[in-house]
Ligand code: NAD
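Shown here is one chain on its own, the form predicted alone, set out as structure tokens.
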């Protein structure tokens, strides 16, 4: 049988594309060597958030006195938290499989390899069988990057994020190498469960890609909670459970030890099985695509982390929509507004942002308010101040970026994304009515700040 579309990878990009193309009446085959849902669902976003929610419940219970509630003998069962995480993941994976079955999409479990390609057909092998399709969509995702640090390979004390999520027991102390999104979320989990945490970050601040004010605020909060944050620090070697590091303010090598060392310094695109596409264009190890997710090969597309653009599940899904839309020649032609992609860091407090920071573009001004200008935030976040910052084009008054630290920032950043996407000016956004009392009203307060 010849298929309209073959998809390698069953993560957010892969299963979204498969469902859309199947709904359009096309014959689709999807290859996934592990479990449907990809990294996000199985060993990333969802299991992490399941554990973080459990940790937050424990943290809230132990700090309930701030709200006039007394809770005694509060404890947590990590094995039960892990069991619940597994159940959540299994249900969601089963849901994806059922959706694909409902659309009569063929799903093959196994490692797929491209055998050959012409402008008319792509031939793929998997589990000893051969398949052909008119179009190929590469959604092979990414994997944890292992930095070339002496002593990191075959070290039983080293975890990556996948190993940390699979752990059945918690360490008493952990060193986290990397203060990015993944590192800070694991720091949140461990700190709230009472584990001693040290973060080692090579950049001058944690969450270095985010707004500086947000990063500084979170550094202060976590330092007060006992997290040891070492920035501008380079790990030179790892010996067993001991890290050797060099800080910017010292010429001497320091040594730190912990029960476990969690290394999370980024991810790299998976390109295994694509060797036959020897003319496929790459940049910095990722597949080059245009605005419609087309590669330089006429019938080959790519979406998700493998493109190296923005490694977020919702970006992968949107890229898949654009790719399928292009294959089906849908009108109007879709493009992705990368300037309006929201991102969230599930720390406590949460961080959410969209668009540029004030340092990204000249001719911008900032409108900054503490989250305490929201009555709902004050009622539910005792002892927290938070921060909301709008970046506005000084001349046009268009909203170019929004950056928030404070719970529950993840639940209303979409409103800010819409404003950035549509190019709302301050006068236009002032006409938007927010329900009261909600934390989202902080956006309206920030707009009215000047």
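Treat the numbers as computed from the prediction; the structure is a model and nothing was measured. Positions refer to the first chain, counted from 1.
Omitted here: the form predicted in complex with the ligand. The next part is about that form.
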**Request:** Give a yes or no for residue 76: in the predicted complex, does one of its heavy atoms lie within 4.5 Å of a heavy atom belonging to the ligand?
**Result:** no
**Request:** Look up in the predicted complex whether residue 233 has a non-hydrogen atom within 4.5 angstroms of the ligand, and give yes or no.
**Result:** yes
**Asked** For residue 311, is any heavy atom within 4.5 Å of the ligand in the predicted complex, or not?
**Response** yes
**Prompt:** Is there a heavy atom of residue 267 no more than 4.5 Å from a heavy atom of the ligand in the predicted complex?
**Reply:** yes
**Complete:** in the predicted complex, the residue from 202, 158, 341, 107 with a non-hydrogen atom within 4.5 Å of the ligand is 202
**Asked** Which of these residues, 327, 164, 177, 214, gets a heavy atom within 4.5 Å of the ligand in the predicted complex?
**Response** 177
**Item:** Options 193 to 201, 277 to 285, 250 to 258, 167 to 175; stretch whose heavy atom lies within 4.5 Å of the ligand in the predicted complex
**Value:** 193 to 201
**Request:** Within 4.5 Å of the ligand in the predicted complex, which residues of 130 to 154 have a heavy atom? Give them in sequence order, or say none.
**Result:** 149
